[in-house]
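Taking the form predicted on its own, here's one chain by itself in structure tokens.
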């Protein structure tokens, strides 16, 4: 390993909560971070565009159809699996697995204790079906706009009706700006 790579590995290990021993640190953790950053930017852009052209009801359609496609594309570019999850989901297909639930609960505790949400992330090496796999998560923090229109406490009647029609078991409402809304989750097979 070159000195530069070693320095980067040590720096990432020191700055990244949840990482295991240095020998477990994957050289390409940046792929997971970049995939999430790109997905977040594209999703926000799509939502803002839909809001501008068709209002909040149109934005719900973006979350239903475009968000899964954007997540898949973000993962495909780097050989990753990228998804969104939460403790209170709108789409039952986004329900957290045990690992994600544990990390989301940890994020919530840390945020309530005063940790700045933007500073949080979690990465861990696990074995899935005999394959060494990086699990990485980054919180999604409730923003005032565009998020509160569909996930806040006071939804307009047309928004409520559309959400109820698409997601009859919706749990993802009542959030305030700055609260933990959910998380981006990445799986990266390393073997």
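All figures in this text were calculated on a predicted structure; none of them were measured in a lab. Residue numbers count along the first chain shown, from 1.
Another form exists, predicted together with a small molecule; not displayed. Remarks below refer to it.
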Residue contact check: residue 64 to the small molecule in the predicted complex, 4.5 Å heavy atom: yes
Using heavy atoms and a 4.5 Å limit, would one call residue 146 a contact residue for the small molecule in the predicted complex? yes
Might residue 101 be said to contact the small molecule in the predicted complex, defining contact as any heavy atom within 4.5 Å? no
Is it the case that residue 29, even though its partner is missing from this view, gets within 4.5 Å of the small molecule in the predicted complex, heavy atoms only? no
Is it the case that 44, 89 and 140 all touch the small molecule in the predicted complex, with a non-hydrogen atom of each within 4.5 angstroms? yes
